[in-house]
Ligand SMILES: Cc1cc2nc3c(=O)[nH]c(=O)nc-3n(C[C@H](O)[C@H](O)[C@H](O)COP(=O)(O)O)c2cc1C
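We begin with a single chain expressed as structure tokens, specifically the form predicted alone.
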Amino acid sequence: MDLYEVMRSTFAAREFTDDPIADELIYKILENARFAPSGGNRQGWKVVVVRRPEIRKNIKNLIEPVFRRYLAQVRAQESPWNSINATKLTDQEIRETEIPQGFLDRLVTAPLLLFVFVDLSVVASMDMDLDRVGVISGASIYPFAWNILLSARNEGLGGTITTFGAVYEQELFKQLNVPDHFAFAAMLPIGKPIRQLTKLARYKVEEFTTSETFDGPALTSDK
């Protein structure tokens, strides 16, 4: 596929057929995704491919309360798990939020799950002393995670980046035997999408790009 076509058609796939994915194909996807950039080219990523049903079941139980709060906040018109604006919902309101039937099942029963971790001992975390949530370390892992999805799309597959596992990271580490100097970055369910979206809704460049300063004039094309 053309590069721009892949970029403009890689959507968040959450429903998949039962078609299995051979190790050879996931190897091919990772073989190409590994050329993502990382700080100092240290490539501090680790991928765990999960197929076993018992692990999937445990992962579902782990992320269910996390997604329940996420969904409750969305329905309350809040930005979920936000570090700036605290939720106004009570614990009871969150507990009583119903998750759509089968939603989490579809995620964890994808043909395979890819867990992506980053080695914190090799990445630069230049914002570690700032009084806010750290984001800089992500520069050395999320380009790789996105490359996985672009490569999967090029092979007729799909997936999405989910981060629900971060809330109970230590329990996740126990499930997958992850060393403590790593951090969870993403869980990617991968499979053949039941349907392929061809047109994605995104903001126009003028809506998120300004010239010279944050409050400067919007960048526009000459057309």
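Because the structure is predicted, anything quoted here is derived from the model rather than measured. Start at 1 and count along the sequence shown; that's the residue number.
Not on display, but discussed next: the form predicted together with the ligand.
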Residue stretch of 25-33, 175-183, 49-57, 194-202 approaching the ligand in the predicted complex, non-hydrogen atom distance within 4.5 Å:
194-202
At 4.5 Å between heavy atoms, is residue 45 in contact with the ligand in the predicted complex?
no
Against the ligand in the predicted complex, would residue 167 count as a contact residue? Criterion: heavy atoms within 4.5 Å.
no
I'd like to know if residue 154 sits close to the ligand in the predicted complex, meaning any non-hydrogen atom pair within 4.5 angstroms.
no
At 4.5 Å between heavy atoms, is residue 161 in contact with the ligand in the predicted complex?
yes
Stretch 47-61: residues contacting the ligand in the predicted complex, 4.5 Å heavy atom cut-off
none
